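A single chain, nothing else alongside it, follows as structure tokens in the form predicted alone.
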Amino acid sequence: MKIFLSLLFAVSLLLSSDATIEVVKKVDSLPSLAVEDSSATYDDTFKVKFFKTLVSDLNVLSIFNVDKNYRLINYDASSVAVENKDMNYVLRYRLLKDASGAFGVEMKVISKNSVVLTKEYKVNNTKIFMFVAHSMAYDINSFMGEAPVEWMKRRVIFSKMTSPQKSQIVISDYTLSYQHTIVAGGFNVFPKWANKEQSAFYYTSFDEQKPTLKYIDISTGKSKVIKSSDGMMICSDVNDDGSKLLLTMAPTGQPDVFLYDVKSKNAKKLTDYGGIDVNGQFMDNGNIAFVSDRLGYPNIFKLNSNSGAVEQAVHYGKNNSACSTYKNYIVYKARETSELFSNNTFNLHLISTETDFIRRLTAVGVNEFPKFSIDGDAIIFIKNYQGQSSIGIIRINHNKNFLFPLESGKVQSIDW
């Protein structure tokens, strides 16, 4: 029995570097963490709201058993609350407000009665308090030596349907706690960040004579038209330095994938097929992943950027679409059921182009528009289930999913 367990452990170590293999961490093996509030400013409602946001972030990290009990204590107390004496770590913080109304937080992490980490945070106003909580969790994750979670501090941009042919483009944090509508009125969809700095974005407007790709600089608020096309105009991906876009256009009636050069404003047609080619995604090796119906049903294909050769990338599922790529990984949406008189299930699957493993990431509902985080650590997606539209986060290497529901409307598409 011991030999068998040893072999099993050895095999698990060999496979753990492949994200298509499920990684399951036993909850009991994680260190415990409690959170203590030492705030004297702000009312009780806000203090509890911040506490819950921070605890949620710490849970999403998936590296602690987080105690959800809310406890107050003096910031300079020499020992932790008696209820927390057996915790491996205690995070103590206090919320601060200066004369200008700026929002600040002082934080320290205590382990075995010793302070092992201190940090201070400050933002212009209280409305963006959730980004401070995200930064605190990010810093604790770094202190623990875990893989970076840069995505936790980044902003999410999504299109929200408010009524038929009406939508808003909203900028938020990944939990939807903060939401700022940046484009309102009309039918505006498929927002896509224009650069890693998230200082600008593209989106498709259907309020013109033709579907039109527009660009907005967030700092100035200025908008400009990039390109219009009959039938379809969508920016599906932006390369790392923001110099090139992958567009889906249908100038002759059939949608194809085009490579658009931002500087020269030239669009080069990459696919040429009599059916449907859409949703191009840049891959690390210079190749392009895209969705096509070349097999008589939607599936994921790869385009060799040098030879122009096209090959099938996904061999599981009969209705695969909405893919995203990170290095040698592809996450895609697949239809799991074919019910004529009830809602069908669409799940997300993860594959590696270097192995034959396939990993299902979701279980129920309609799961769509997956997008890898900038560091490949997580996947964000849209989940529609039982009449509720939510943003989901999948921690790939922790085998955990988290949902953040939208209070009203329906998420149409998303990027981060």
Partner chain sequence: MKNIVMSSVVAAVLLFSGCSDKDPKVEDNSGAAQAVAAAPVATSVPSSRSESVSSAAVESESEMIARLQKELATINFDFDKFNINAANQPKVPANAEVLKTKASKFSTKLEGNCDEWGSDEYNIALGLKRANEVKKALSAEGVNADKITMVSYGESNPVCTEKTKECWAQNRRVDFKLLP
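Numbering follows the first chain given and starts at 1. Here the structure is a predicted model, which is why all the values come from computation and not from measurement.
Although it is not shown, the form predicted in complex with the partner chain is what the next lines describe.
Of the residues given (102, 73, 262, 182), 182 alone sits with a heavy atom within 4.5 Å of the partner chain in the predicted bound form.
A heavy atom within 4.5 Å of the partner chain in the predicted bound form is found for exactly one of 329, 346, 89, 174: 346. By the 4.5 Å heavy atom rule, the three marked residues 34, 196 and 303 all fail to count as contacting the partner chain in the predicted bound form. Contact annotation: the partner chain lies within 4.5 Å of heavy atoms from the stretch 242 to 250 in the predicted bound form, the single such stretch among 92 to 100, 242 to 250, 76 to 84, 305 to 313. Proximity of residue 112 to the partner chain in the predicted bound form: non-hydrogen atoms within 4.5 Å are absent; the residue sits far from the partner. Looking at residue 148, you'd find every heavy atom of it more than 4.5 angstroms from the partner chain in the predicted bound form. Shown alone here, residue 157 lies farther than 4.5 Å from the partner chain in the predicted bound form, counting heavy atoms only. The partner chain is not shown here, but in the predicted bound form it comes within 4.5 Å of a heavy atom of residue 178. Using a 4.5 Å cut-off on any heavy atom, the residues of 229 to 248 that reach the partner chain in the predicted bound form are, in sequence order, 230, 231, 232, 234, 236, 248.
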